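Take a look at this single chain in C-alpha cells; it is the form predicted alone.
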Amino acid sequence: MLGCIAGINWGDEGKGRMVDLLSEGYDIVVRYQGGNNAGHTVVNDRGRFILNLLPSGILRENTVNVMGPGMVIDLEHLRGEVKKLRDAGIDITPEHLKISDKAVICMPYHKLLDILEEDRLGDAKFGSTRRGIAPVYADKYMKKAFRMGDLLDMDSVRRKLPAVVEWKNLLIRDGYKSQALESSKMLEWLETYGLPFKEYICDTSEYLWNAYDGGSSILFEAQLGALRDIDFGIYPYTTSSSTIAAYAPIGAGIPDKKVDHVIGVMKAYSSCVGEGPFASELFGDQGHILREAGCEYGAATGRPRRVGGFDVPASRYGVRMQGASCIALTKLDVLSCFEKIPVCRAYDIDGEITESFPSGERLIRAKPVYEYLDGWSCDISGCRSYDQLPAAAREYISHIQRNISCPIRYVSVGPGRDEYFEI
C-alpha cells in the first residue's frame, strides 16, 4: 500500500500532525522533496516537536523513515534536529533513518546566496526563508551540486570542491561584492556535519523496492502545499521543488510505483507565509483575532503567517492538483473565535466573477467574494465525533465538502495526536 499526505493550499496545513497520527498504520514514511524551509509541528505524548527535515514518522519507534533523493539537506541543520530529538529521548539509528545517496547537500554558500539575493531585491523580494533552497535546487539542475553519496568518497569531494567554490566566487565575490569563499572552510563544514551521517546513507531506491515487494506499506510525506509547487503554484512565489503527490514516487526514488490514495490536508481557514498573492487575506481586527487564535507563526522561521477565510477556488484547485482521495480538515476549533465565519466563494477580477483559480497577474488582481456562515462560538476541542459538534460546525464542514467536491474524512479540533475524529 502506497499512501501520500500532501498539502492542498499554501503549506502549513497540518501535514505533520496527520503523518504522526496515520504513520501508526505504515511501516515506512518517506519525505520526497524540499529542505528545511518549512516545518511540521507534531504534538503527542512524547512532547511538542518541530521537524524541518526529518520525516514526521521519526517519532514512532517501529517506523522506518527515509529522506528521499528529491530532498535537499542542510547537514548542519540536520545534526541539530537529530540532537534535539535525542535530547528528548528519541532514539535515531541507521535502522530507523535512511538517507538517499542521491539527495542533494545544501551548502553554506547556498544559504549565503539566498540571503544576498533577497537583500538585493529589497521590497521586491520573494519572501524566501533564506535557507538556500532555490540556489541549491538551481545547482542540482546545473549539475554543480554535491550529493549525500559523495560523502562516502571524500577524496573525490576534495578534488571537485575547489572548482565549484571558485565558480561560486564569480557570483559571491565579483557579483554581490561579498567576501570570497574558502574551499578549505567548505571542506571542513562537510567533514564536520556530513561524515557523522555516513552510516545512514544508502541506496534508498533499492531499500524501498525490496520493502514494497516484501509487503511493507509506505507513506509519502510532502512539504508545503499545491499552491507552492514550482510548476502549478503561485509562481514565482513558490518553493523550488514539486510538492504534488504525483511526484512522490519520483522524489522517493521509486518512480515505477503509483500512489494508491492521497490524503489532502487543509485548514478550516486559510494561512500563508511569505510574499505573493493571497486573495482571501483578512486584515485588521479580523486578521489579528484569527492569527492569535490559531497561533499562526511559521514553524521554520517564526514569521507571523498571513491569514484569511477559507478559499474555495484555491482549495478546489489544490484538491485537483493533488488528486486527493479524501481530506483531513485541521484546526476547526480555531474558528470558534468568530460569530460569522468568512468564506471566499469566488474572485472578482476586473469586475468579472470567477470560481476558477487563475495564475499570474490575474491572480494578483483577484479580490475575494465573501459569504458568511454562522459560527458556533463555543469550545469544540473536546469533540471526538461528528455528532458531538454543534449544528453550525457540522454545516460548515458540509459546506466546504460540497464546494471542493472531495469527501472530508478526518477533522482535527486540536494539535494533540488524539484531538481529532473521523467522519
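When you see a residue number, it is the position in the sequence shown, counting from 1. It should be emphasised that the depicted structure is a prediction, and the values quoted were computed from it without experimental measurement.
Quick note: we don't show the form predicted together with a small molecule, though the next part is all about it.
Remark: of stretches 200-208, 314-322, 331-339, 106-114, the one touching the small molecule in the predicted bound form is 331-339 (heavy atom within 4.5 Å). Of the residues Arg394, Lys367, Arg362, Arg48, just one reaches the small molecule in the predicted bound form with a heavy atom at 4.5 Å or closer; this is Arg48. For the chain shown alone, His77 is not a contact residue for the small molecule in the predicted bound form, no non-hydrogen atom being within 4.5 angstroms. Using a 4.5 Å cutoff between non-hydrogen atoms, Pro358 does not count as a contact of the small molecule in the predicted bound form. Within this chain, Lys257 is remote from the site of the small molecule in the predicted bound form, having no heavy atom within 4.5 Å.
Taking the partner from the other structure, the small molecule in the predicted bound form has no heavy atom within 4.5 Å of any heavy atom of Asn9.
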